[in-house]
Structure formats: structure tokens, C-alpha cells
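One chain comes next, on its own, written out as C-alpha cells in the form predicted on its own.
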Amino acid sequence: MTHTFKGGVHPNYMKAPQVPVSVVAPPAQVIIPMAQHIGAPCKPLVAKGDYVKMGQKVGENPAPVSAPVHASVSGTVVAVEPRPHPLGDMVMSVVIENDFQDTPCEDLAPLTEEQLKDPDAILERMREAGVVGMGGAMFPTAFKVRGGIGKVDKLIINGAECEPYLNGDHLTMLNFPEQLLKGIELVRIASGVEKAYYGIEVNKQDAIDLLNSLHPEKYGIEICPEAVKYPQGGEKMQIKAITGREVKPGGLPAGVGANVVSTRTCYAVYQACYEGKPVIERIVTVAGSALDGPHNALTRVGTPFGYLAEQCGGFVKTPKKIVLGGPMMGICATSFDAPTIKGTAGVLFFTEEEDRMVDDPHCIRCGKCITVCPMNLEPVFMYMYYSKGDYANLEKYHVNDCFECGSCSFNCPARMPLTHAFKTAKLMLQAKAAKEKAEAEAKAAKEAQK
């Protein structure tokens, strides 16, 4: 049986897991942003002139929804200042001059056998090692798991990796299968559940067979083959496919007793607990028509995009756009100087060949966007109300439940900018709500002065 969900599309996946993982030499300088997670950004723990070791904590924030950041090389801090961030804007960053010694920091020792069975010890290590959702969401994993204890009875591990181009999860399964299973077991123990369900699309049958050959049941894991369909890797799609449960509009996975953790996150948990290694590197897929071919590159956090492209052979064509993540849900970067962060699964350098935009597109009311929406939304009407600035109907048609998978835009024959419109619509609603709140508070304050 293969698990699936309603809607979705079948893009050209353009994957190349057969390309071996290459190790990218760390650059002369790494840039470690203080914001590499959802939640309160870190505050620098070091100053210009300080010497740091590889794996040393250089940023921290005690807020619950936060995760520390660590040096990915050893060397001297040459700047603590705002630098270009991959998600846009300038963000406070620690810049380290690499001494190319990789002198390790030993602050995080591997957990003992007893600690590897202790949920609290595992959760504390997740936090100290800076583990976040490495599928792209970058939600602090310790907070996510801890928040589900007592509420979640279904732990789902996301191995779909349904975005085109991306190969990091697949290659983690193939290169580190036993370590990955142990990492999933740790997340399961920390979650307080007896079993974890590992959803993997069947276009990764080699990984499914390899993991099954290692008897995942020993670790409390069941491998669940899934149909190949985008966006199978969406959190709500995984829950629907494996459990049959449906997260209602405005709801959260924990509301239906489920939690979803990504493949690379589980491997990071293994490294943190068994090896005492914080999150300082990951496999990044580097591809796109501006390069001579795809690369699966083990890359240190803080590596600038321009340097990464050079290490992967340089450009054979002039890139028009840098996309972080996959082409369906990825975001555009604005600077070659911005660095990779924990959530960077892919860096795609595209030329005009991939540009699908048209001038002055017009909706032809074909309804194809509705047929593929995995959230059962009606994009054709959402776009109409967005164009009119109709806030009431945008909320009525649940625009906030769109998770911007891009299926509607992909399937639109008129090439309407649907996903972009819905991103903007949600920002408009947020701005409206903030304005109304400010006005209400100002009115209340004025009344109180009377």
C-alpha cells in the first residue's frame, strides 16, 4: 500500500541522487547569522578579536522558541555586525576568519547510555546543539517535541523530499541509514510514543529497501511507502497520507495528535546525542541551468552562495535568479554574499530558461487550480478577492490556510501569479489586524485618560 493525499501535481523532479556527495572546502570566512530558526533571534556571545573553536556556541537566546548557533570553523572573529541574510534584510552575524585547523570545541560530550534513554536529556541536547526543522521550516525541534508530549500519539518522520532538484534527505538515508534510524529512535523516545512512522516516496525505493534491511522495528519505526506526488512532503499532507487524520483550517498537527519531523533533523539529533556535534553542516543540493550540472555538497553553515557556486565548478551561464530550497516553495535570495544556514536544503542558480512568467496574465476560469490544491481551497476566488482588496472574503475563503506549495501556480495554464498573490494577501491581512489592534489600544488609552 502506498500512502497519499488529495490534490497535488507532478512536476519534473530533476533529481540527481546518483551524484555522490562532495565535501565543499570551508571558505576563508564564514558568516554565522543570529537568526537561523523561527522565533527570537540569538544574541552574540563573542566579540571581534575572540578566538573560537569549531562547534563553539557563538549565539544564544533563552527564549523558549529559539535555538543557539555555533561556529562552523575554528578561527578569529573579525566582525559582529549586520550582514546579508538568505531570507532577505540585514541580520546580526558573527564573521569568523577561518584558520583551517577545525580545532574542535568539546563542550558537548556524547550522551551516556543512560542519557540516550532519557527523554529530558535528549530534549536538552537537541536544544543545546541548535537542532531545528531542517526541512526548511527551522522551528526549534526541542520546543516542538516537548510541546507535543501528552498530546501526540503519532510521530511521523518526513522522508518525502518532494521538491524538485533536492537530494539531501535521500542521500542521508543511503549514506547514514543506521545513524538515521537511531536518530529517529531518539526523537521517538523524547516524544513519549511507542512507534514512529517514516513516510518515504517510492521514487526512493533503494532507500526504503536499505532501511528495511536494517530492521527498523528494532528502533520502533515503521517504513511507510508513499505515492510520488508533490507536495507529499507538506506537514499536513504527511499526516493525512499516513494517519488519515485531517488538520482543520486554522488547526495545528498536535490538534489531531500528530507531530512531523524531517529526515535531516533526525540525523542532526543523532549527531548531537551520539557524537556531541551541533548543527554546523548539511548536504546542500547546488543545481540549476547556470551550472554545468547538479552537485550534492556537504557544506558548512555560513558558506556564501557565490563561494559555493565557485566550488561547484562556477557558472557556465549567467544566473538570473538564486532560489533557496526547491523551485516550488523556495524563496529568492538577493545577494551572492548571503550564507547558507541550517534550513538551506538547496541553492539553485537559474537562468532565463526556467522563467515561466508572462506579461499581463488573465484568468480563464478553468478551475485547474482548484483540482490540485491539497488544502481544498479555491485559488480562483482567493485571487479575485485579493485583486479587489476584499479582506472579508479573503478570510472567508481561508487564504491563511494556504501554505504556499505552488501547486495552483504550477497547474495554471494562464500562468497567473497565484502563490505570490496569496503570500501578499496574508501580509495584507496581518497589516490590517495590526492596524486595528493599534487603533483599539489607542482608543482604550484615550478612554482611560478621561
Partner chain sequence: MSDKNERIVLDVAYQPQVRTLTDTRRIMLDVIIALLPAVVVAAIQFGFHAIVVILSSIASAVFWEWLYRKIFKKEASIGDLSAVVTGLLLALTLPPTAPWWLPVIGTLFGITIVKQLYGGIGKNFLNPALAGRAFLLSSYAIIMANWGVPSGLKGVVDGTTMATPLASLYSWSMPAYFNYKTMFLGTIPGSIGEISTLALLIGGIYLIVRKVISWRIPVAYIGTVAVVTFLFAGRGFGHFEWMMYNLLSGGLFLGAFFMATDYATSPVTLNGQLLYGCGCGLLTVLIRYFGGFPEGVSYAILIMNLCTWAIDKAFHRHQFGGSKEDIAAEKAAKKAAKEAAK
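Residue numbers count along the first chain shown, from 1. Nothing here was measured: the structure is a model prediction, and the numbers come from that model.
Unshown form predicted in complex with its partner chain; subsequent notes refer to it.
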Spot the stretch among 185-193, 235-243, 112-120, 74-82 with residues whose non-hydrogen atoms come within 4.5 Å of its partner chain in the model of the complex. 235-243
Touches its partner chain in the model of the complex: G199 (any heavy atom, 4.5 Å): no
Indicate whether its partner chain has at least one heavy atom within 4.5 Å of a heavy atom of P327 in the model of the complex. yes
Hey, in the model of the complex, does T318 get a heavy atom within 4.5 angstroms of its partner chain? yes
Exercise: K151 in contact with its partner chain in the model of the complex, heavy atom 4.5 Å: no
What is the one choice in I364, A254, M90, L298 with a heavy atom within 4.5 Å of its partner chain in the model of the complex? I364
Give a yes or no on whether each residue among F176, A207 and L210 has a heavy atom within 4.5 Å of its partner chain in the model of the complex. no
Partner contacts for 379-402, taking its partner chain in the model of the complex and a 4.5 Å heavy atom cut-off: V380, F381, M384, Y385, K396, Y397, H398, D401
